[in-house]
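Given next, in structure tokens, is a single chain: the form predicted on its own.
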Amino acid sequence: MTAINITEWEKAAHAVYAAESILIVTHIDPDGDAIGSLLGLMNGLKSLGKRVVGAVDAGVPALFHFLPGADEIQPKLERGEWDLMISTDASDEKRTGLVGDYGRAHSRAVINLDHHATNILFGYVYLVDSTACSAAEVVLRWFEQMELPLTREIAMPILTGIVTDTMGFRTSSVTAQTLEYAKTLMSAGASLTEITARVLDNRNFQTISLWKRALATTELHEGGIISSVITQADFTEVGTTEQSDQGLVGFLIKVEEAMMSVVFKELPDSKVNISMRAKPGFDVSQVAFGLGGGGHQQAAGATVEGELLAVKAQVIALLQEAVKHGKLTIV
């Protein structure tokens, strides 16, 4: 896949300084990088005296409520006009959900900040670098260009984004510079110990109950594809309203025989959400992109219409084909 590196730092900074009101949105079913980059941006731009609103469909997952400013994020938008909208960690407009739709219709300009090679380059100003390990890294580099002083309120979300999207500094996107960024953020007050404990190691019993049901469906398919299924009945049985696998797909990729992992989540209205992970040297992003989703080589996803078992059969076949084009290399 061709890398993208279009980082219009000065143009983006000018747009921010010219704006009085700013909306920041991120993708549906947000992960740590989505929430971390959103909150890092929100807290940083507020320090410039800007009126900033952050929004993501359905709000911030409970896992990230510890981050500074998380309680200010809106779960939907029904009113408001903004001089500028910033979309973070989303490769296309559809991924920003209903808040993105509303924001684009009520904002004068859009900055596209992302790190996915599948980004379709929507918006007015681009801060898109697919060589970055996370959208949070792009936020940090932008703030460095703007010479914006880092505080703990800015550093904690940004480091959370980096930690989660690198799976604790274990993906092939991690470089020596990534560790330098982590050092910079820790020097500004971010606690790597707290972030790691909360987002990588912490699980509540509700999550374990969900995993228990999902693991009963786990299969290891030909080609090194491991899969699990979560139905609407499973979500109802454990009493959760979050339509998430709670990190199960990342757990499954740790299985020695697996080259790629996938979790299928049955959603209302005959839709299925698909979360995929790959070991270094393999690429799930093209499968996700072909299904109308997005992501990067080792972590991607999509939501499609269809019956659960039919979607599962289709995606397993696509992943089996994709794994043939990868060669496992540990870097």
Ligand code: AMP
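The first residue of the sequence shown is number 1, and the count goes up from there. Only a predicted model underlies this, so the values are computations on that prediction, with no experimental measurement involved.
The same protein also has a form predicted in complex with the ligand, omitted here; what follows describes it.
Chemist: For the chain shown here without its partner, which stretch in 48 to 56, 35 to 43, 63 to 71, 299 to 307 has non-hydrogen atoms within 4.5 angstroms of the ligand in the model of the complex?
Modeler: Comparing against the ligand in the model of the complex, the contact stretch is 299 to 307.
Chemist: Taking the ligand as it sits in the model of the complex, is residue 96 near enough to touch it, meaning that at least one heavy atom pair lies within 4.5 angstroms?
Modeler: No, no contact at 4.5 Å.
Chemist: Please check if residue 262 has a heavy atom lying within 4.5 Å of any heavy atom of the ligand in the model of the complex.
Modeler: Residue 262: no contact with the ligand in the model of the complex.
Chemist: Taking any heavy atom pair closer than or equal to 4.5 Å as contact, tell me whether residue 91 reaches the ligand in the model of the complex.
Modeler: Within the cut-off, so yes.
Chemist: Flag residue 277 as yes or no: does it have a non-hydrogen atom within 4.5 angstroms of any non-hydrogen atom of the ligand in the model of the complex?
Modeler: Yes, residue 277 is a contact residue.
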